[in-house]
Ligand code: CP
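Form predicted on its own, single chain, as structure tokens, below.
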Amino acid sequence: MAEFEKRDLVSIEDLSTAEILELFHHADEFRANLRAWSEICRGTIMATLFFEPSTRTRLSFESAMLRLGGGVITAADEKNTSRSKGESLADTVRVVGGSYADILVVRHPEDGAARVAARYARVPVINGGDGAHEHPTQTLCDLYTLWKEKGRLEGLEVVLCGDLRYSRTIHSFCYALARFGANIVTMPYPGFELPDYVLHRLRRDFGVQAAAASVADLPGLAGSSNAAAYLTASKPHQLALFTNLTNFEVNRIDAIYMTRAQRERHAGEETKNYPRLTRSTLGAAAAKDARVMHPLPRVDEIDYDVDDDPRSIYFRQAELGVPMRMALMAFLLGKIQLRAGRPSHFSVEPGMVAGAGLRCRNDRCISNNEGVRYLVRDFRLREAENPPVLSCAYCEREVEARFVGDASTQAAYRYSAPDAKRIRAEARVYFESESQATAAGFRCSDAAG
């Protein structure tokens, strides 16, 4: 491979906003003539490692690489891979990302698996969906589709409807919409609202404010939940509306994004009377200029007679995935260059990696499943005080650290204690509780500060 710095796409945050917009323009160039680019990646091999079922994601990636002139190898049935024999993801990607392939696309049922693949593979890794965590290339396709339909992303009113709790597509899309200054209206199926950790990240990282929402009549959707919310990073003069206890009125909708019930991640939870989009839904005045989107596959949440409505763009959404993924892979393989600056990330501070200390509280995280065998606990510091907040480096689930230990003295203190603040960054070890610190061999006699 050509010598260049390896870049991965595990989260939508791995691309800057400017890089995303520049990729859109490259995707437009590829789409203008899909058959004209067969020399760009000639001699390059992509491997798709899919440990979960997929149709569109896998085939669109394979189509994209073939149109770029490269080759494809695939492991699309988990039962026929060495994972069924107990091989770890880390070992799989080290082998396949050796002489077998130049870029990997990984889909895996455990949250954070794509980050593990990126750490162990020598070649670029693209997240094709990891558990309920993220699906960044679907988000790129969704943003690209909306951008082409509306000519902009800032200020758009986007309704997210259905299973917002387990849909990794929704989580990635929320973060991206917030970055671009779009407003989000959530209309979840009851009990399937956006997770608190997603809302917290939207508030902290993007300044998103929330208010109860009153949505103009949308038959089949508006009655699906009494938990509609309006999420916006708008300017302060608009946020003044949120000081009242009345609902925020939503009378204009630019897009309705439907999602199916993610039954493969449900623990037998009932989804009776799941929201359904019909022609009568689109008859509402607020939906006059709305685009209907869906990441597919569709089950029964959109009537088939909606397909012929010119506002329905979910099949175009899927079609645009090919040029969008062509642009992404050409970039990650160093075949095209972007002028835009790359994103800045929260760095992993020395001393936060510890066999003792914090444990990810996400039961679906790879670090609590197959990764127990070989992964070291690893966290990023997101907020330094009141109390410190750290996120799992694999699945990004956050945890509060109420106690801080000094690795050099094996003493631990409550986070607010003066002694805790004097611990050198490289010697800090974080704990959720005094008992956790004590179990790890730290003395906590002065922990109360």
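Predicted model only: the values in this text are computed from it and were never measured. The numbering used is simple: start at 1 and walk along the sequence shown.
From this point on, the text means the form predicted in complex with the ligand, which you will not see here.
Student: May I ask you to state whether Ala233 is within 4.5 Å of the ligand in the predicted bound form, using heavy atom distances?
Tutor: Output for Ala233 is no: heavy atoms all beyond 4.5 Å of the ligand.
Student: Does any part of Val123 reach within 4.5 Å of the ligand in the predicted bound form? Heavy atoms only, please.
Tutor: Outside the cut-off, so no.
Student: Quick one: does Arg31 come within 4.5 Å of the ligand in the predicted bound form, counting heavy atoms only?
Tutor: Contact check for Arg31: no, nothing within 4.5 Å of the ligand in the predicted bound form.
Student: Does any part of Arg107 reach within 4.5 Å of the ligand in the predicted bound form? Heavy atoms only, please.
Tutor: Answer yes; at least one heavy atom of Arg107 falls within 4.5 Å of the ligand in the predicted bound form.
Student: Work out which of the listed stretches, 64-72, 389-397, 411-419, 49-57, brings a heavy atom within 4.5 angstroms of the ligand in the predicted bound form.
Tutor: After filtering at 4.5 Å, what remains is 49-57.
Student: If the cut-off is 4.5 angstroms on heavy atoms, which of these, Ser367, Asn127, Ser167, Gln138, is the one near the ligand in the predicted bound form?
Tutor: It is Gln138 that has a heavy atom within 4.5 Å of the partner.
Student: Since exactly one of Pro297, Gly151, Gly86, Gly191 fits, which has a heavy atom within 4.5 Å of the ligand in the predicted bound form?
Tutor: Contact residue from the list: Pro297.
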